[in-house]
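So here's one chain in two forms, each on its own in structure tokens, numbered structure 1 and structure 2.
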Structure 1
């Protein structure tokens, strides 16, 4: 029986939609595998004892799962101390970055002044310059901090303190601040101007308008900036090593193998890999917990700020 033209078109449409759905499914599964495979490998090996490591029959699930790897990682890393140090620093830096980049982004989006485009270009340019290229100037700047030559006698030595992180975060020049300024600028630029105009008509000044009218509507972008700032500072090891000591999670984790060699007086690379994977999970776990609680707000904020586009 021969199908009519309309039925053939409908069948072709349904076939193309089915093929597209299958392609989408395969693509999502493939991307998920690429992302989840390293995490699942670390989770599996973090519970694997040394005697199961050489067992060829053990693939993903260890025969004798153990928590000894975590106990040893917690003890060698001094986990409670480094955890709370990293938590305090990451939270404080994220809050200060949020405050400074929100103000800068609002100014670039809503006010006209000379050099505005140059400032925005410089903020974006900082995203492509790796901090390793500025290591020597950064070190010298905070080792002999003289505040543009106003402090005499060689300046202040701010190394080994939180001040380099706090001052850069407070002035909008910290880690990845160019991205946060861009996010806030784009969000404020997309907000209707009649909100400001109505506030000005009612007698509100620029600061009052910003805090009472514009800021409450910018919560989605602020959530993105805070979460990104917290996660990047939490995972940062370069600047933490440069400015501070080893009492922070990224540095303690990077030094874990060396610390294990001194602690156990042995150099079993395979055994050390199990402990390092356990330490990696201890570092990742707080971020996974935070994402689990804030997932809905995070996804909504990503959609409303337009970062997916």
Structure 2
């Protein structure tokens, strides 16, 4: 009797576990579908020719798949040029931001000095001020850049150059840099002190210790900061239009339907949306490739990144 009761219990447990995993599976597939839906529509419509649009039987998979949308998007956006411009800028900005925020994060994590709390508060403060509020002063500062009053006579025009991006990235005040500083600080604060102390005992200075001992251990957090920095710069059209011109991918893409109208000397909302989708694919494809390589750091080792502390 007892045995069969135990068996029944085991069976009930197994059934409930099974039901739970089915439920979980359905939920995860559903949510994944919602997340992937925009990407899937983009892929599908970017290969759809105009003549399949009116066809009621065409759903998701075009009958006459075509690369013409891509060809036109590449030509009208001047894709090779804007792609390499964006790639170069985003890479440079991400590397400089990584360097500055890592240094500052380490300084805030491991050294005691007056005003440290104030600096942390400042980093948070930079996050909560909408860049739109400071847009006008920023524009004017870079338009008439006078090295903070050192240069007389109107100053330099840094608009249309990379300088506004490089200088803010180098000083950890670019887009969302406050967040990266906090992430790096949390990460360094969570690292064990023994190695560092051993290095100091062996006579290494703070810089040597930082580069030789701390940095190799901080790679997971650095990958995340780099990826975020790159992605935000890549997607940013706000500062790019403010400081630079339309020769960058996000700007070229948001102008695409207007450029198409000028190029083809006609307007067709349906047709243009196919080409804009092809353009969007061209923009997100590099991010997807990069994500495919770096997603390990998101997926497996978040517990070590110190996002939480």
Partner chain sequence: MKRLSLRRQKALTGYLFSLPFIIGFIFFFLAPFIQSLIFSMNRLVIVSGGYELEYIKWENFRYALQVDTEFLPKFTETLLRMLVDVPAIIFFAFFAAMLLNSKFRGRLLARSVFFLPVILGSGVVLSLEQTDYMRTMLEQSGNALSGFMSGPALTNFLMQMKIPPQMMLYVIDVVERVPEVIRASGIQILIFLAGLQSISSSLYEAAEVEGASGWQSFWMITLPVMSPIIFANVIYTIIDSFLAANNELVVYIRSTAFGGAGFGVGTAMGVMYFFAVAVVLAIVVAVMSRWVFYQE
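Small disclaimer: the values here were computed from a predicted structure and weren't measured. If you superpose the two forms and keep the largest set of C-alpha atoms that fall within 1.5 Å, you have the rigid core. Numbering follows the first chain given and starts at 1.
- Note: the form predicted alone is the first of the two, structure 1.
- The Cα shift for residue 285 between the two structures, taken after rigid core superposition, is smaller than 2 angstroms.
- Annotation for residue 127: C-alpha shift of 2 angstroms or more between the two structures, rigid core superposed.
- Core-based alignment between the two structures gives a C-alpha movement of 4.0 Å at residue 15.
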